[in-house]
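Take a look at this single chain, the form predicted alone, given in structure tokens.
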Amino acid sequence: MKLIDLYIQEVTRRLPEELREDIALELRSTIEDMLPEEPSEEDVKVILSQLGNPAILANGYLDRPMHLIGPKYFDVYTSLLKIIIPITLTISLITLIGKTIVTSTGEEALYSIIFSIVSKGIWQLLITGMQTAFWITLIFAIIERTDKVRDNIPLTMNFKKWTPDDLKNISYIPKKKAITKIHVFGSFLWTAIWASVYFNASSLFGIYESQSDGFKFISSAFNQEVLFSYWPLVTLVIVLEVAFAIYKGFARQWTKKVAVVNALLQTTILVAFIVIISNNELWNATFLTYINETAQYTEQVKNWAYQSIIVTFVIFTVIDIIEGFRKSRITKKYF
């Protein structure tokens, strides 16, 4: 009988104090009814094996799940994690990059700014990811324990049971044709980076000299007033890029329409880039003098460098446009 007493103890110790005595009596009665007269220790072990793990049995009396997120909500839970965490991480990273660049005084070397963003970014992304996962998990744990319908049938993203009609809301997208969420978030991130750099270029790019106390910023490479003078054009490009990223997020795949919009956007960016870089006053005079004295470049070298930059930008723009149309022509294959 010692095994029975220990088993009942293992079950009841997991229960609230007010339930223990009644359930102990009920459980002992159940076990005795299942045992033969004058049972051996082996008979007791067989019956206790049939009753199962004391923790599971105690949980049955409590009628509450032993898992944090059960099968009913697990698919919805993981799907929301995959959607929300990348969004929060992207917003957090964009905020960090923008804040670091905007608050730069121009006295730090560019590499130190990049190192600061990387070091702070890793920690901030880790904290943001953990906090987001914690709160989503907490919300689902509460939902799991307040749900009055006790079943383990997985729910769909609209928190309803799956039916064949749900297939009508799903579109088959070939992998090579798909526009992933990472691609969309990457577009937002890239826009935030280059926009922050553009409006603070004079304090980021220039001549640095190594001194006893580290690198010192000597002269800016760009004339910031010239860069600011193009703010309507640059702002238009930023708005178009953000709008296109949102559009791609809804489209979810490369279509002919998406490819055409991408071609128009890339052409606009190319024109804006050529207009800005062709301004003879774009470069800081001190910077040009320094380069001329150290590198002794000629007017021909300067023109060659300009032309090479523009040709390179044109080539990458054409490749991007062609790639968009190529992906839009990928046909669907159903299995």
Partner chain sequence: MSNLQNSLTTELRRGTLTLAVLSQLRTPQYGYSLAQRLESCGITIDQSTLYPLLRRLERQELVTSTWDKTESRPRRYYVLNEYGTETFEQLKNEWEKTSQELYLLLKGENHDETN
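The term rigid core refers to the maximal set of C-alpha atoms that superpose within 1.5 Å between the two forms. Positions refer to the first chain, counted from 1. What you see is a predicted model, and the numbers here were worked out from it, not measured in a lab.
Below: the form predicted together with the partner chain, not depicted.
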Quiz item: Can you pick the stretch from 279-287, 266-274, 303-311, 53-61 whose heavy atoms fall within 4.5 Å of the partner chain in the predicted complex?
Solution: 53-61
Quiz item: Which of E41, D33, E293, E38 has a heavy atom within 4.5 Å of the partner chain in the predicted complex?
Solution: D33
Quiz item: Would I23 show up as a contact with the partner chain in the predicted complex if we use heavy atoms at 4.5 Å?
Solution: yes
Quiz item: Would the C-alpha of E323 be classed as shifted by 2 Å or more between the shown form and the other one after rigid-core alignment?
Solution: no
